[in-house]
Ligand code: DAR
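In the form predicted alone, a lone chain appears below as C-alpha cells.
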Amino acid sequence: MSFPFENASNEEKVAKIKAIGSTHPNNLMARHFRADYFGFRDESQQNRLWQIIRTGVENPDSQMGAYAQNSCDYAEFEPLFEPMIRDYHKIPLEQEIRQKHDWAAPLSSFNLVDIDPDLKRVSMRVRVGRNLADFPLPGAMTKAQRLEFETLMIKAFSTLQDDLQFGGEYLSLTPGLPQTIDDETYENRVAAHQMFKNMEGDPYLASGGISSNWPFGRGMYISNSGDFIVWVGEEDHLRIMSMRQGGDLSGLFGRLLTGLEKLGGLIPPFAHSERYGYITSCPTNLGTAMRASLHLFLPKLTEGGHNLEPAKKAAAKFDLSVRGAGGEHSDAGLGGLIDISPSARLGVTETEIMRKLYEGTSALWSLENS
C-alpha cells in the first residue's frame, strides 16, 4: 500500500523518510534528507519540498527519489538537492560544480568502423533533455499548460517541416487535434522504438506528477529520414534525439547538434544553470542532459546473452553503464545484445561523452574478442 501522502502530518512524513533511509539505503533522497532543514522552511516551501521528494517517499526503491518541479528548484532548495547530486554524479565536496559545454567533436574522429569493420551495423542513439524556462517542469504542469506548450511546439514544428534536412511530421497523442494519431499508429511507433511508452503505469512518474493528464500535451516530431526525433511531454518538456545505423558516431553527434540549433531558434530559451547545466526534471540528467548509447553484441561478456553482470562489471571500468536491449530493467537480447552508454552527464562536456562512448566501445569489443 502506498504511503498516504496527502493526509500525513509533517511528523509522519519525516518518520517515514527516516524509515526509508534504514530499509532502502540506496534511496538518495532518504539518505541525505535533513529534517532540520525542512523544519526551518515556511509552509509554502514545505509543501513544495514534499512535492519534489514525493516520488521517493511513495516509491522507497527509487534511486534518486526526487523530481524538480520548477527550474528554480535546484537553486532555491540547494541544501536538499546538492548532496544527492554530488552523491549520484560522484562529485567530491572539494570540487566545484560548474558545467561546461563543448560540441566541437572532430567530424571524423569517432567512427566505430575504424575499430572493426564489423561494427558498421551498430544501432546508435544520442539524445538530450531540454525544458523551456517559461514553463513549470512537467511534474508541476497543469493540463492547460501542457496543451499550451504543445501548441507552441506545433507552431515551431510547422516551420521545421519546411527545412530540407529536418522536414517531417508531428504526431500528437492529444485527442481531437488535426495531428492526432490513432491507437494502432501509436503502438506501431512504440514498437519501432520511436515513440515513448504510455506513462500512466509508471509509479515513479505518477508520484512526481510527470504522467498527470495523460495523454494530453504529448506527442513526437519525426523527420522524413527517420533519424531526428523530438519527444514532447515526456519526463522533460523535450527529448531531442538523433538515431542511426552504422558506426559514425561523429555524424550522429553532428546531426543532433544541427537539429538542436535549428529547433532552439524557433522556441523560447531553454532552462539553464551555470552550475548544473541544462535543467532537467530528474537530477540524474543535469549537466549536458545527454545520453549517448549504442547496441552492441557481446555474447561472451553476457555468457551467451543470459547474464548482464559480467558486461556491467567490465563496462564500469570505462565509465559506461549497461542496460538490456529493451532498455532499463530488461535482459540482454538475442546473441548478447546490450545497450551501453557513458554514465556521466554532469561535470563532463558533450564531446567528452562521445569520446567515452567511442573509447569504451573499443575496449569492450577488444575484451569480447580476446
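The first residue of the sequence shown is number 1, and the count goes up from there. The structure presented is a predicted model; accordingly, all values stated were derived computationally and were not measured.
Just so it is clear, the following notes concern the form predicted together with the ligand, a form of the same protein that is not shown.
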query: Exercise: C282 in contact with the ligand in the predicted bound form, heavy atom 4.5 Å; finding: yes
query: M64, heavy atom within 4.5 angstroms of the ligand in the predicted bound form; finding: yes
query: 4.5 angstroms heavy atom contact with the ligand in the predicted bound form for F196; finding: no
query: Interface membership of Y204, the ligand in the predicted bound form, 4.5 Å heavy atom rule; finding: yes
query: Segment assignment from 282-290, 256-264, 243-251, 145-153: heavy atom within 4.5 Å of the ligand in the predicted bound form; finding: 282-290
query: Residues within 4.5 Å of the ligand in the predicted bound form, restricted to 214-244 and counted by heavy atom; finding: E235
